[in-house]
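Next come structure tokens for two forms of one protein chain, structure 1 first, structure 2 second.
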Structure 1
């Protein structure tokens, strides 16, 4: 009994909390704080160099006359005034961007959701179909757009050959002021694999008991989809809408590779105009400061549209308030 008590006392003595002196406590605290700052230093440096500094840099140069080679000259609001009142291509670029967004966002969401619903069923070869539809997402954009350029060729392209075989009128596609922008939207539909995969993941999270309850109540497949599946998908739909809006406003590669903003500025969307004013027109009027002002216009447009979308989402996004 005495031996056991001595052992317990020894253990307590070994694990006893020994109060630190004030100097040791501050030394240990400084070491912990220094270790903490050392761990977050890469993130802080990366954010400062890659995010904060470019934002401040571009905000300043949006108000300057700067060609990238000589020192910037402060010009106040001149870039913005010229942009809104004198630039002949600014409002056409806004119009092209708005039309492309209104066409591309709903159509991409509808096609992506339709494919996801089909592939969510227990169909034979569903995995192969998922791979086929997702393949354009992982292929290089230049290769995909080069292929579409050949397909849209007015003389030798497959698109016009199919129309001819169906005895339908052919089109100039990318060379037509009426069809150039819809042609680019069609290319975007072919690459909706990422949208489809996100919707497919969302469909697989809808509880099966909800569909079973709807079936017992006499709901058919369409009614069950409208009143059960879609409400459960609305949070994912909100995410998709925001992503697609941001992507549509920043459409660039397809314009640069296929149309160069033509014909007659019908595809000269704002992102491509920024590139053209900042780099392509360098020999005429090098205006990196002017292009920077356009970047801020684009940023404000995306910010306003995204904020309105999120702000109004409470009207159509289902929120399960019963969850913790």
Structure 2
């Protein structure tokens, strides 16, 4: 009710230029309601079909035995029970997802922020470097990943050749249980230009007077970065952390094109396992009900981790109370 009357008040305010009779006011208001809903209709249909329907559908089918062809049979908690206690690749996939997230998120943020700070200088050529660092972001994932697969080739790949030329030990990269996940993270770092651009935009909103004031107070560049720049960047940092966690939890194309979950399940992340169980393992017959249960686990994990991040953010996100 409170929001309703607030809307009415704002409608009155917007139309206060010409005083209207009560009947005219209502006619105009009805027209606004009709027009408003007509304008947002695509999104309402989209929300219903692409968001609400899938949520309801998945919530039901996670509890069924369903192969996508024959009707779904209610099976209670069986899918989840099997997942947690019997599926040999479930816990490895949780582990792979967790390690990947813990590696990818901080390193992307650090490198992205580092590049942004580096390029936040008014020197000739900064624009050029910015374009170069951003370039990998615009390339299609399939093109990038197959290129890197070749770079990582143990025999013919550029990676091992460079290491050999520098007299450093070579690696099996994607074929090694220890290096496979870090190899995938490195490819992600090559494309951290989007993160860089968002931080760069944030850096440019920090008022120069603040740095001026800090300098007069005797702060060096490092102190001024920690105490002036960083606090101003924390809202953007929070957004980035949330986005990056989301992305990391949903890493799929990398696994599908580079390793197929191997070696020894070290890169079998949850998203890939969902795909494999639902669409690919024809030896087991596609198990869409089972895959739906896994989708819910992934969704819940993302929700919980995001909520925790946002909840604890009040401890480290600087809120400027003077801003509206």
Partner chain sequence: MTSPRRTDLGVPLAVSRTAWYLLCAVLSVFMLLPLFWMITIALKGNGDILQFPPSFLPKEIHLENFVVGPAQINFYQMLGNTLIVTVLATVGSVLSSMLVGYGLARIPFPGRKVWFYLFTASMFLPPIVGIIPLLRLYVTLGVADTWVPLIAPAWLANPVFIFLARQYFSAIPYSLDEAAKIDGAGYLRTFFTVMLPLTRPLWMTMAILAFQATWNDYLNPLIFLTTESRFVLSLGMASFSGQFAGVATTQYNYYMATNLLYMLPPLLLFFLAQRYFMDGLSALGTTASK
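Heads up, when I say rigid core I mean the largest set of C-alphas that superpose within 1.5 Å between the two forms. All values derive from a computational prediction rather than experimental measurement. Residue numbers count along the first chain shown, from 1.
Enquirer: Among the two displayed forms of the chain, which is the form predicted alone?
Expert: Pick structure 1 here.
Enquirer: Honestly, after the rigid core fit, is residue 38 moving at least 2 Å at Cα between structure 1 and structure 2?
Expert: Yes: residue 38 shifts by at least 2 Å between structure 1 and structure 2.
Enquirer: Look at residue 53 and decide if its Cα position differs by 2 Å or more between structure 1 and structure 2 after superposing on the rigid core.
Expert: Where the cores coincide, residue 53 shows only a C-alpha shift between structure 1 and structure 2 that is less than 2 Å.
Enquirer: Core superposed first, then measure: what is the displacement of the CA of residue 26 between structure 1 and structure 2, in Å?
Expert: C-alpha shift for residue 26: 8.3 Å.
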